[in-house]
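One chain comes next, on its own, written as structure tokens: the form predicted alone.
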């Protein structure tokens, strides 16, 4: 692993920093019209869909350029590059690789312009962490698939205009990964019902989605019938490099250190307590390990090698760290830790409480810890199938 950037990559990092110096004000000054201005300048810069081919409107960036950009943006707590979260992370790359020319023309420009949200119809209530055991059916009826079944933990379903959906079009196929088909479904389709799932913080990032004879045109199928599993694996691989997540965790740890500096423990700043310092050092070590792990993945990508199941390691680390950082932030507040943002005396406006109560978004999103553990055990360590 070579930690040194090439002169061209160093120059690109300098260009990114100069751009952020010019266009990104301090977090306290990002109100008013700033979000609209930001969306416009990064879109013109082709940073939205930065790694996508230029012929579909992306930036045509290299793997290393993308990593540099994400790291710099995360270190500065920059707003997202585009607000079509699932479209940019999963749907767009899947359509670029497997979609028809008509599908690319229909969807890719709108994803890049953040015109609406997408959601992903993967998980189901009866199959636990075994996604390939899904039972939501898609039965071919002429020029349509008739979809019946249920999905759960569907991110952004309450606000999405479209869903990328996995259905079983063949029953009894072995292995069970076969016979799964990927469909692009309008969320206003007759027979489709969304029921939000509210977390402890009162947010509804997830939802249940019910399909009662929903008719989806065959032209909305993504890729070949029965090949949806391969499409999904490719889409999920776009989600987690770990580089940007590390920078975000470092910022959160810095905020935690500052909290320890101003809170008191036994009449002294909590930061002077050996137990507190030991815990902060542990967090720092784990985040550093996650960074080096991410660099290992990045090295393989730069060499053109496939990055497979190993990315589950960083996903598992990130979920645990997000939870534990928030819980330690509450612990440092002592009795004030019981106060949320609704109280005038809440520390930092209840920031750490909101983080702790909103654990579902981090822990469930992208695959639960049990899913990640199974992947690591079976595909990396070679242990028996669960």
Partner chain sequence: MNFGFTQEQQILRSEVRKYLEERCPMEDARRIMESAEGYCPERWKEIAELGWLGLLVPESYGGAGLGWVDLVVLLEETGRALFPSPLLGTVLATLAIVENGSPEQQQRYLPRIAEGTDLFSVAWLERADVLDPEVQATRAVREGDDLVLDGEKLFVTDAVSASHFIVSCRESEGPEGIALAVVPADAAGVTVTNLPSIDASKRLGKVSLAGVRVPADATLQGASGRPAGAAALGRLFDHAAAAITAEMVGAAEGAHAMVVEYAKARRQFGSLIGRFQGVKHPLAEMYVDIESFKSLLYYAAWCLDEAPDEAAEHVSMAKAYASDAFTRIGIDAVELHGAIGYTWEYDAQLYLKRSKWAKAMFGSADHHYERVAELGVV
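Predicted, not measured: the structure shown is a model, and the values here were computed from it. Numbering follows the first chain given and starts at 1.
The form predicted in complex with its partner chain exists for this protein as well; it is not shown, and the discussion that follows is about that form.
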item: Answer option from 286, 137, 195, 177, heavy atom within 4.5 Å of its partner chain in the predicted bound form; value: 286
item: Interface residue in the predicted bound form among 110, 310, 170, 212, criterion: non-hydrogen atom within 4.5 angstroms of its partner chain; value: 310
item: Region of this chain that lies against its partner chain in the predicted bound form, out of 276 to 284, 90 to 98, 139 to 147, 179 to 187 [heavy atom, 4.5 Å]; value: 276 to 284
item: Partner contact for residue 115 in the predicted bound form: its partner chain, 4.5 angstroms, heavy atom; value: no
item: Contact test in the predicted bound form: residue 230 vs its partner chain, heavy atoms, 4.5 Å; value: no
item: Close approach of residue 317 to its partner chain in the predicted bound form, 4.5 Å, heavy atom; value: yes
item: Close approach of residue 159 to its partner chain in the predicted bound form, 4.5 Å, heavy atom; value: no
item: Contact set, 287 to 304 vs its partner chain in the predicted bound form - heavy atom within 4.5 angstroms; value: 288, 289, 292, 293, 295, 296, 298, 299, 303
